[in-house]
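First, one chain by itself in structure tokens, the form predicted on its own.
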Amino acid sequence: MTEAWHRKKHVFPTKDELSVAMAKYTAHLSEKFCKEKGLFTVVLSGGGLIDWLCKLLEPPYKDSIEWSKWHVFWVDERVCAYEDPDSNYKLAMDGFLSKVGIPNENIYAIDKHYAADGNAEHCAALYEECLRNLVKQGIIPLCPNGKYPQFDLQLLGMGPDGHMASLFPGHPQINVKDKWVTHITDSPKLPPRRITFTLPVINSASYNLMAVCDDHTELCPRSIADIFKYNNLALPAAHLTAHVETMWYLDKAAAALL
């Protein structure tokens, strides 16, 4: 496993160039895993990620990727109705998933009814149960230590405060190791109720790609500098690693203080 402080990074002049590179990276791994094992497990996050994936909807990728072999998950989710504008599921479906040929049964959202009720704890338990069933079915392998599921690729984002998924600075979820999925009801970023993969699950992925573009605040470049210059482990994103490769894609603004 790569050490957290041996991060690879690429800095791009613009978000558009970052998006082009993300599409190429994702398409390459899709081809690799579809060829090796006949399917590709991809974990999405929210924020700007779906916009940055738009290049996959263009040539040469849209018609060459084996979409029917994709299995799609979320690293975290806001516990709300599918139709709610805060829903990562809605964001991904509207902007990306509905435009490619991924079978509906290969798209694994949180439980619709408990999400609408705002029951974060139950949503987390059911999502973990879903993952465990997919491990039994051979869709998701376990990582070499046999404790956590191993996804092929996770596409992640970082908040200006250094949070990733719904693991926030100063909150206890970062320390959970006995679950695959946990929940939070007091997220400092609204909405407050969320589920999230635990850190060991995130770090068990074969490939983790973290994409960060500056949102015109001073916080984001400062957090990036804290991670790359000082390995500040108070920031959850500083803990990111992977079994094969941990890659950070930054735009020029996010990397301004490096």
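Sequential numbering from 1, following the sequence displayed. This is a predicted model, so every value here is computed, not measured.
Quick note: we don't show the form predicted in complex with a small molecule, though the next part is all about it.
**Q** Are all three residues Arg78, Pro160 and Ala165 in contact with the small molecule in the model of the complex, where contact means a non-hydrogen atom within 4.5 Å?
**A** Every residue of the spot touches the small molecule in the model of the complex.
**Q** At 4.5 Å between heavy atoms, is Gln173 in contact with the small molecule in the model of the complex?
**A** Flag for Gln173 set to no.
**Q** Under a 4.5 Å heavy atom criterion, is Gly46 part of the interface with the small molecule in the model of the complex?
**A** Contact check for Gly46: yes, within 4.5 Å of the small molecule in the model of the complex.
**Q** Would Phe33 count as touching the small molecule in the model of the complex under a 4.5 Å heavy atom rule?
**A** Heavy-atom contact with the small molecule at 4.5 Å: absent for Phe33.
**Q** If you check in the model of the complex, is Trp52 within 4.5 Å of the small molecule, heavy atoms only?
**A** Contact check for Trp52: yes, within 4.5 Å of the small molecule in the model of the complex.
**Q** Quick one: of Lys37, Lys229, Lys189, His28, which gets a non-hydrogen atom within 4.5 angstroms of the small molecule in the model of the complex?
**A** Selected option: Lys189.
**Q** Can you pick the stretch from 199-207, 64-72, 221-229, 38-46 whose heavy atoms fall within 4.5 Å of the small molecule in the model of the complex?
**A** Looking at the partner contacts, the answer comes out as 38-46.
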